[in-house]
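Only one chain is shown below, in structure tokens, and it's the form predicted on its own.
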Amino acid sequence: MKMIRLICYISLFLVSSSVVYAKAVVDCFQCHEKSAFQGKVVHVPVAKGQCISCHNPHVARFEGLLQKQTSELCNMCHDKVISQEDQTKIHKPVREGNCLACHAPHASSAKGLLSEKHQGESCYNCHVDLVKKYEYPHEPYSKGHCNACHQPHQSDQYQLLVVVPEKLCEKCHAEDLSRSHKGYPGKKLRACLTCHSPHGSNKQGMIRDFLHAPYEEDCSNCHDGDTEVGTEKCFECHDEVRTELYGSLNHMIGNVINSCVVCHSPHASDDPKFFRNKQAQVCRSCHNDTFAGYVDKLYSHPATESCGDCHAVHGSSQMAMLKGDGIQVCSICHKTQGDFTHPVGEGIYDPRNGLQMSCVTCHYPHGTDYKYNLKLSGEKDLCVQCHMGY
């Protein structure tokens, strides 16, 4: 008899709880317009009326009465979106936990709950420097199908590419390559982006904006049959670079037939200096550890136009291939550097290592977790490195 009563109580509790829960859902729409939570694609918890899966109905620590931070909430169900093994090639909004930069939390007219109707429109919200219209556009780009070439969350390729560029192009253009580029070196050396822009161009064939003079005139200026073109061929026109590469620190890469084409396109580029990509991306292809070291720091050096603003890109006898010593380079922008700061320069030495004090003795120029890009806290920790007796 007691068991029967217990079962009845439990059943009554479950029924009353479901009624209360249902009422809680109805109560949400007494204030919140129901049409705002409807669309072609509806988030599963919303479709099931499970508002409290994400929101606290009374009070919360997070905006929108969320139970947790947005990224934590999303990861409760979508934990397979990214791998934590490699944080260096994760889309910035994902890395920062800003899922709502691209996705609508409740409902959308687009697949994947994208906040914009077309994927391309979502991408343009952040990538404002992208040209939206070309006379000769790449079809996936013109249709806003960015994910035809790029991963939206994480990739093992730079710029979140689906696969390496050469294989990516071959997915759609294998026939074009075999028909139009019969004389081009084999697949190992094929680099479509040395001539073609991946998004579009105002030149027929999506050829990039700037053409290398020898390439524009005649390929035979550099190429002789199947013989690989070495660095010496570049020096025939760019002899000043040879001198720069004689610095004790340089980009003369060993065991490479032509070090120049590691960074520069020999045929065409969207950059007048013929970089293969935006200069920062070119540098990142080899110096990823440097970029990864400061990408999420609290204080980062203000963005400059390129790494070459501070570094001599071909070679230098200064540390880190800087254009000058640790004072001269900073003084390019910080004109008053050394006039009223901590003593630096000739005759001022770091007691820890005997080296001349400079800006980079105390500051790390790329980024740190300390104000003014200091290497340690400027309130005490940094100073006592040298001033222990004070």
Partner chain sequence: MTPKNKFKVCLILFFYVLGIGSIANAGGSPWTWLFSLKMVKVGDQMMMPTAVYVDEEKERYYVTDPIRSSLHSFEKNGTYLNTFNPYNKLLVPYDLVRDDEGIFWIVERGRNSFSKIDLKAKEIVTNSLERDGKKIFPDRIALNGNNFYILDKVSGDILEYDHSLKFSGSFQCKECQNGFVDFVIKDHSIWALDKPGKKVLRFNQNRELERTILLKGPLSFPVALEIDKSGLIYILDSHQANISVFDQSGVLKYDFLAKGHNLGRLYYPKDLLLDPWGRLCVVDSGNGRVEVFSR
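Since this is a predicted model, take the numbers as computed values, not measurements. Positions refer to the first chain, counted from 1.
One more form of this protein, predicted in complex with its partner chain, exists but is not displayed; see below.
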Report summary line: Students should find that, of N277, Q318, Q159, S306, the residue having a non-hydrogen atom no more than 4.5 angstroms from its partner chain in the model of the complex is Q318
Query raised in the report: Here the chain is shown alone; which of N250, T194, N147, S108 has a heavy atom within 4.5 Å of its partner chain in the model of the complex?
Result: N250
Report task. Name the stretch: of 349-357, 326-334, 28-36, 45-53, exactly one has residues whose heavy atoms fall within 4.5 Å of its partner chain in the model of the complex. Result -> 349-357
Requested in this report: Would you confirm whether the three residues Y136, G205 and L211 all fall within 4.5 Å of its partner chain in the model of the complex, going by non-hydrogen atoms?
Outcome: no
Query raised in the report: Is there a heavy atom of P302 no more than 4.5 Å from a heavy atom of its partner chain in the model of the complex?
Result: no
Query raised in the report: Would S180 count as a contact of its partner chain in the model of the complex, using a 4.5 angstroms cut-off between non-hydrogen atoms?
Result: no
Query raised in the report: Is the gap between F235 and its partner chain in the model of the complex 4.5 Å or less for some heavy atom pair?
Result: yes
Requested in this report: Answer with yes or no whether S259 is in contact with its partner chain in the model of the complex, where contact means some heavy atom within 4.5 Å.
Outcome: yes
Requested in this report: Using the arrangement in the model of the complex, list in sequence order the residues of 224-239 with any heavy atom within 4.5 angstroms of its partner chain.
Outcome: T227, E228, G230, T231, E232, F235
